[in-house]
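In the block that follows, a single chain appears as structure tokens, in the form predicted alone.
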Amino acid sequence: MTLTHSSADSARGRPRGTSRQSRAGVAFVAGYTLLLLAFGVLPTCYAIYFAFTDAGGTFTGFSNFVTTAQDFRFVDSLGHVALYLVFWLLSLVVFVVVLALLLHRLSAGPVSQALRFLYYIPGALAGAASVLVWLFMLDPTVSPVSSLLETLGFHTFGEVIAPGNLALLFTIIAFWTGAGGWIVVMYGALNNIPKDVMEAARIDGANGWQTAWRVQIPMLRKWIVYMVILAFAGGAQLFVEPQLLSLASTGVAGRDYSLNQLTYDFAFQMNNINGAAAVSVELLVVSLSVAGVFVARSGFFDAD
């Protein structure tokens, strides 16, 4: 009886807005949870089921993984993606952090606002649209920078998209499309650094370089880790850029350049859904493992 009265009293004493906010929070989380289950968890479980079974639904262990790994294209595709990820992650971390720091130094005035807008514009283009823009830019016969391409020794579209250049080209396309949003995110993170910390660094005699290296970048560590995790997961799924480039170049780029292209080929050209699922599961395991290592080593969830 006492417990009932106590609960009723606490409920009466709770502000009305609190329960309303709680219901709103539950509604938002429930919507996300349903979408996660429908388009994340269930498809993943479905892919895992296919990866460990054959076309008849019989459990086959790791045979699908072994079969796909022995495909003559698998190692090359793996090497292409690995090289692209090295270029992509290095350029993203270095240039995004440097440009965000420079943007933060220009934070007072219209120049910073204009630059933030310009950085963000390319991100408004979908992956396919950005590739089409770059197909136009990389063709010396129609490109507005054809003189630069010719100076670099590229006189035809085929010379530009030679297989040895593809990892760098895909890095440029990905950076042009995705780096701007991360620059804005890092800029916001820099604005959240307490002013007294920056003032203490200035009083201690730190110059701009020392402040950036010893104060700002360490305080951006978790944001950089978050960016690397998402960029790795996205880069490992490289598909749109090589696929469209392969179609535009009549096979010069190859339709099995990346692991995701190889998965597509297994599923829709060779009718091997189980092999495609095995490669997809491998990509998932690698991405989750890399994310786990970064989160554990960086203290991502530690309180500052």
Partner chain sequence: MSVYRPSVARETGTSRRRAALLAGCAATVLFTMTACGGGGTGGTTNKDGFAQAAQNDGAFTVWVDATRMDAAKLYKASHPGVKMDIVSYDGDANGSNYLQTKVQLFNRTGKGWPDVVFSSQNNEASWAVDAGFAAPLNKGLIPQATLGGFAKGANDVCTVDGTLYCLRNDLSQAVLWYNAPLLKKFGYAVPTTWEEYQALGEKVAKEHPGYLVGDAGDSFTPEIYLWASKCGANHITGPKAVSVNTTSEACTKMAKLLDVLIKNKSMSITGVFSTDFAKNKADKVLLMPGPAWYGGAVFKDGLKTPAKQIAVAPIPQWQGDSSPSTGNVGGGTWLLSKHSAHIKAATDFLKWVTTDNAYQGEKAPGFPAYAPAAENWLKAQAASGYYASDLTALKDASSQVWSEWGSGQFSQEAIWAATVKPGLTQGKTIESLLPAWQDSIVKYAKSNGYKVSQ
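Numbering follows the first chain given and starts at 1. Owing to the predicted nature of the structure, the values given are computational and were not obtained by experimental measurement.
Keep in mind that the form predicted together with its partner chain is missing from the display, and what follows is about it.
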item	value
Full three-residue contact with its partner chain in the model of the complex, heavy atom 4.5 Å, for 190, 241 and 290	no
Contact stretch among 175-183, 193-201, 211-219, 153-161 - heavy atom within 4.5 Å of its partner chain in the model of the complex	153-161
Listed residue (69, 270, 26, 36) with a non-hydrogen atom within 4.5 angstroms of its partner chain in the model of the complex	270
4.5 angstroms heavy atom contact with its partner chain in the model of the complex for residue 207	no
Contact test in the model of the complex: residue 49 vs its partner chain, heavy atoms, 4.5 Å	yes
Non-hydrogen atom contact residue 147 with its partner chain in the model of the complex at 4.5 angstroms	no
Contact test in the model of the complex: residue 65 vs its partner chain, heavy atoms, 4.5 Å	no
Contacts with its partner chain in the model of the complex, stretch 32-49 (heavy atom within 4.5 Å)	41, 42, 45, 46, 49
